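Below, in C-alpha cells: the form predicted on its own, a single chain.
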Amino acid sequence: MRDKVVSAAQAAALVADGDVVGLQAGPTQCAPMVLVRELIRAGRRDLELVCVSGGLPVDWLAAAGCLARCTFAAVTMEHFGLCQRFRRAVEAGAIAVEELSETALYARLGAAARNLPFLPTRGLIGTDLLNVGNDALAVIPDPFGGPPVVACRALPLDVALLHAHRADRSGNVAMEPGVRLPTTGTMPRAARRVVVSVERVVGTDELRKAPDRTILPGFAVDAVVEAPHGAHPTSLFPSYDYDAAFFASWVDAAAGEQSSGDFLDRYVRGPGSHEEYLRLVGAAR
C-alpha cells in the first residue's frame, strides 16, 4: 500500500474552496487543530462545515472568513462561553447555518455513509427545528404502522478531518477508546476523502499489538499528517488536557474584530509550521 504520510500543507491541498468539510471535534476536545490552522493559512474560502459539537476551530474558521455555511447540533466552548466570531458572522448573514439535533445530524451522516437517500429519526418530533423550512427534513408515516418519523436527507462530505493518537504509513489509524466520538466512525465513511492528523506515525507491528484500537483501515484514509500535540489547544485524552489559558486568551481576543485578527496572525498565520507553532506556544503548555 502506498505511503500516506504527507505534510500539513499537502493535506490542506486535498480540501478545495467550497468543499463540504466534516470536522471531528468536541467543544474543547480532540479537534484536528493542525489541519484547521493549515486551512486558514492556505486561505480556503466558502467551506461548508459539518460538526456535531464544534468549538474553537469553528470560531477560528469563522474569524478567518473560511466559512460560507455550517451544519451543527451545537457550537460552543462550554464554560469558556460563546463562539463570538462565529455568532457575529451568523448574525451578519456571512455564514448560513443549519441547526439539527444530534440524532438528526447522525442520521444525515449515517445515510451518506450507507449510500442511502435518508435515514429516519424521532429525535426532532415536537421541536421547532421542523418549522424553520429545512428541506433536508420531512415528516413521513411509519410504513409499519407506528407513529410518524422524520426522514433526514443524506449529507455526503467532500472531506473528513480527524485527529487520532497514531497511524502507520499505510493509513491504518488507531485511537484510544476514551475519546472516540460517534462521528469518528461515521464521518470518514460519509466522505470522499479522509485526512487524519496523528500524534505519532508508528510501525504496523505496533498497531497489531492492540488491534481493537484501530478505528480506520488504510484503504479508507487518503492522507496522514504526523503532528505531536496536533489537537492543541483542545485535549486528547489521555495524552493531554485542553489548554485553559490559551482558550481564555482567545475568548479575550475574540471580543473584537481587530484583536481576533491579530490573534490569528500571531498564532495561526505567523508560524510557518506546526513545529514553529509549538515553540511559540511553549513546551510547558
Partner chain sequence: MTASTDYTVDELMVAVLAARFDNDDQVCNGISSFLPVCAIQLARMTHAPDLVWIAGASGVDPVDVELTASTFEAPLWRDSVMYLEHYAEFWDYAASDRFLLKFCAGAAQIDAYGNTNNSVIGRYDRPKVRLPGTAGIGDMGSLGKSLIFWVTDHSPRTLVERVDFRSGIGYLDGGGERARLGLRGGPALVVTNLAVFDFEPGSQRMRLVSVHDGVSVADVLAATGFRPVVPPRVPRTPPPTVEQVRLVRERIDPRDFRKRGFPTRRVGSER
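If you're wondering where the values come from, they're calculated on a predicted model, not measured in any experiment. Residue numbers count along the first chain shown, from 1.
One more form of this protein should be noted, the form predicted in complex with its partner chain, which is absent from this view; the next part is about it.
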Assert contact_stretch over 211 to 219, 195 to 203, 163 to 171, 77 to 85 against its partner chain in the predicted complex, heavy atom within 4.5 Å, equals 77 to 85
According to a 4.5 angstroms non-hydrogen atom cut-off, is A190 in contact with its partner chain in the predicted complex? no
Indicate whether its partner chain has at least one heavy atom within 4.5 Å of a heavy atom of P141 in the predicted complex. no
Just to confirm, D46 within 4.5 Å of its partner chain in the predicted complex by heavy atoms? no
Does R122 reach its partner chain in the predicted complex if we count a contact as any heavy atom within 4.5 Å? yes
Is it the case in the predicted complex that V5, S7 and V36 each bring at least one heavy atom within 4.5 Å of its partner chain? no
Looking at its partner chain in the predicted complex, which residues in 4 to 33 have at least one heavy atom within 4.5 Å of it? P27, T28, Q29
